[in-house]
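Quick heads-up: it's one chain on its own, the form predicted alone, in structure tokens.
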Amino acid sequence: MIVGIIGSGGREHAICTKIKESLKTTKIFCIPGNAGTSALAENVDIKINDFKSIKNFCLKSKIELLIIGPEQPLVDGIVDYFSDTKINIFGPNKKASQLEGSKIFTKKICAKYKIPTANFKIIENSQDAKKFLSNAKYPLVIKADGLAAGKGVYICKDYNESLVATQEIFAGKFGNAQSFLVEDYLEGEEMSYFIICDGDNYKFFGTAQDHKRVGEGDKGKNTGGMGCYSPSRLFNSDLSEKINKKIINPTLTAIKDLGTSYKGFLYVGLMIKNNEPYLVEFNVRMGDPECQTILPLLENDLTELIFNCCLGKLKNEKVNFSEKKSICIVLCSEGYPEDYKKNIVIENLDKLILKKNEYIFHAGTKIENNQILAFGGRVLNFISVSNNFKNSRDDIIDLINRLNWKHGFFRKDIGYKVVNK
């Protein structure tokens, strides 16, 4: 089977690696891919928002399965754009992708279908914002409505902080903003919960706990993710049943009530308190870096699983995961998540010798003049799978130290809640 993968991050490199393992896979194209995917697939230099060129290339190259990695093309309707072809495309359509594309859309579904989540208010202009926020109870959470690469969330301790958030959102920091959400601050611990869905049936696809703050101890500015571990320490069968019953089932019902169905990965971002789940957000694709942490634990043939999902044949599939522990640490460019230098050479990467259960997934990298360059904020993902979280983290830190890239930094405390001290 000829497979296409859209995206250029660590998530897409992880997917590419797993797809490559399948005996059903004959060739892989990554659009546009990165320095890491180039070793496994043929990278194709097409922008992910150029649907016409992507479609023409897929038809010309006889791609049979197209996997959409990032959220932007899904929200923009790439699945609908391919509806007149016979290519099996994996991901939700434009209407279903509003679950991530609009936080307000999701909150309205929560209200209508009684899905547990934080109380919220929709703010539509600066004047209403000042009036509401001056009398609000703090701390509270302010969220930009659209896509914000994981960065459009502000936890505000007081009125002044909320005003800064309001000004940045309405000034267009996260795109054209007509409104934003104000939510009650939820106490608890976060967990990422995943499913794979074929439009009618879904299967559990792992858990993780992400560390989004740039600083150790989960302090500092929000990022796209500094690392994570899987499975989440909060996960248990009773909680899983509650998540399915109270959150996932009513959400999929809501999508069907809109006259469509959900097909693809669904990321359920949760706050857990006293073993009760509260929805924080949905993502309409695998998380990043959660994907890089979960896929090495997957025992299924991913090509076969996704293809059967596209055909609506997920019901009889059994999704199996290893019982081992996985940790991912993200190596970032100095200055991230603010300004950072681009096109910096990463030396000695090819000299690192990986153990059987160690992986390096490229994120913000490219090849130029036979050199690997860092051009993104999150550059490389280091993953280790073992029987023990501490062993996995120690192995990763040793690996990063051996690389000794002078222009990067990383958090040494990823998974601190589960690592034996």
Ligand code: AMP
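All values reported here derive from a predicted model rather than from experimental measurement. Counting begins at 1, following the sequence as shown.
If you look for the form predicted in complex with the ligand, you will not find it shown, but the lines that follow are about it.
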item	value
Selected contact from Glu183, Asp80, Glu168, Glu317, since only one has a non-hydrogen atom within 4.5 angstroms of the ligand in the predicted complex	Glu183
Answer option from Glu190, Asp301, Glu161, Glu216, heavy atom within 4.5 Å of the ligand in the predicted complex	Glu190
The ligand contact at Lys212 in the predicted complex, heavy atom, 4.5 Å	yes
4.5 Å heavy atom contact, Ile104 to the ligand in the predicted complex	no
Lys325, heavy atom within 4.5 angstroms of the ligand in the predicted complex	no
Distance check, Lys143 to the ligand in the predicted complex, heavy atom within 4.5 Å	yes
Listed range touching the ligand, judged in the predicted complex by heavy atoms within 4.5 Å, from 153 to 161, 328 to 336, 239 to 247, 84 to 92	153 to 161
Residues of 267 to 284 having any heavy atom within 4.5 Å of the ligand in the predicted complex, listed in sequence order	Met271, Val280, Glu281
